[in-house]
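In structure tokens, the next block holds one chain alone, the form predicted alone.
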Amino acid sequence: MNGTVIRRASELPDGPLSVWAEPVAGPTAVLVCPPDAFDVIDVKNPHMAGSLGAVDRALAREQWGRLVEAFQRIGLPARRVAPLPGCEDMVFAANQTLTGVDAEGRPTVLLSRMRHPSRRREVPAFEAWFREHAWRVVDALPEGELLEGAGDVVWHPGRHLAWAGHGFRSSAAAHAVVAATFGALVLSLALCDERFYHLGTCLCPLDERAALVVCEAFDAAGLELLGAVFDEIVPCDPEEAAAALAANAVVLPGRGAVIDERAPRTIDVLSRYVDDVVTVDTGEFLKSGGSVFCLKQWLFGTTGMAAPV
């Protein structure tokens, strides 16, 4: 069923996940963008309201540097794409592209089409980085369809299977493009709470069988689909999910995790699944509605590994 989009639990193949979803290696590094131009100049999501012009850029740079160190601590070397002047949201490197491996195992990147015109200038800069580092680059979204990269597509740990969100920033029709580009099975989820405008803010797989889920962010069909694939659904604390974007963490199953320090109950949950939970302060970026997961893009294999930050 690779290359297929599934929207309901009743459409899932028979048998356990290990039978119908092929194994795949996980990410080996991350791509990041320094916050040189970072600011909050308009309101694109509820988290940005009240934060216009409130960013402390020096503090943001310090927090970003410590985040990069945290990624390296859990085994994710960081590579850097140069920021563009006037691209205040470019630091959120998860959104401009979707990375993964295709059906032949090639590192592949699908270019995004961003909902807000102010962010569309970021995409060519990321495209140039991936072309320079010999990735397979795909520009295949039909006119009028939107996809905000890894912000709305979360890979299932260890499996050639993607979870894809739609409703606020990405369109449901774009999920078929994800399935075709990567030759993967895509499980489509409707997002229902504007505070959790990207899938990466409300779904955080902990390992192949368990996921941290902001249950308020999904409709009944989405929760049923999540429960049919994951053996264990761990509800994310609602207060921490909203105030600290607790589900916007990065988890390397069995190895380590990075999460904002404002989510102590969720930190305790992560400590049951990984050996090393690294806490960071992403307070300046929370003003814009992003945290750990939003501030990086996954890199796979050894392509583009030559030049660290």
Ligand code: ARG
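A residue's number is simply how far along the shown sequence it sits, counting from 1. Note that this is a predicted model, so its numbers are computed, not measured.
There is also a form predicted in complex with this ligand; it is not shown, and the following applies to it.
Contact check for Arg106, Arg136 and Phe300: none of the three has a heavy atom within 4.5 Å of this ligand in the predicted complex. Though the partner is left out of this view, Val68 does not reach within 4.5 Å of this ligand in the predicted complex, counting heavy atoms only.
Not displayed here, this ligand is approached by Met48 to within 4.5 Å at the level of heavy atoms in the predicted complex.
The shortest heavy atom separation between Gly151 and this ligand in the predicted complex is within 4.5 Å. Although the partner is absent from this view, His160 stays clear of this ligand in the predicted complex, with no non-hydrogen atom inside 4.5 angstroms.
Per the 4.5 Å heavy atom criterion, this ligand in the predicted complex is contacted by stretch 190-198, the sole one of 69-77, 98-106, 171-179, 190-198. None of Arg119, His166, His156, Arg113 but one reaches within 4.5 angstroms of this ligand in the predicted complex through a heavy atom, and that residue is Arg119. Residues are counted as partner-facing when one of their heavy atoms sits within 4.5 Å of this ligand in the predicted complex; in 275-290 these are Ser288, Gly289, Gly290, in sequence order.
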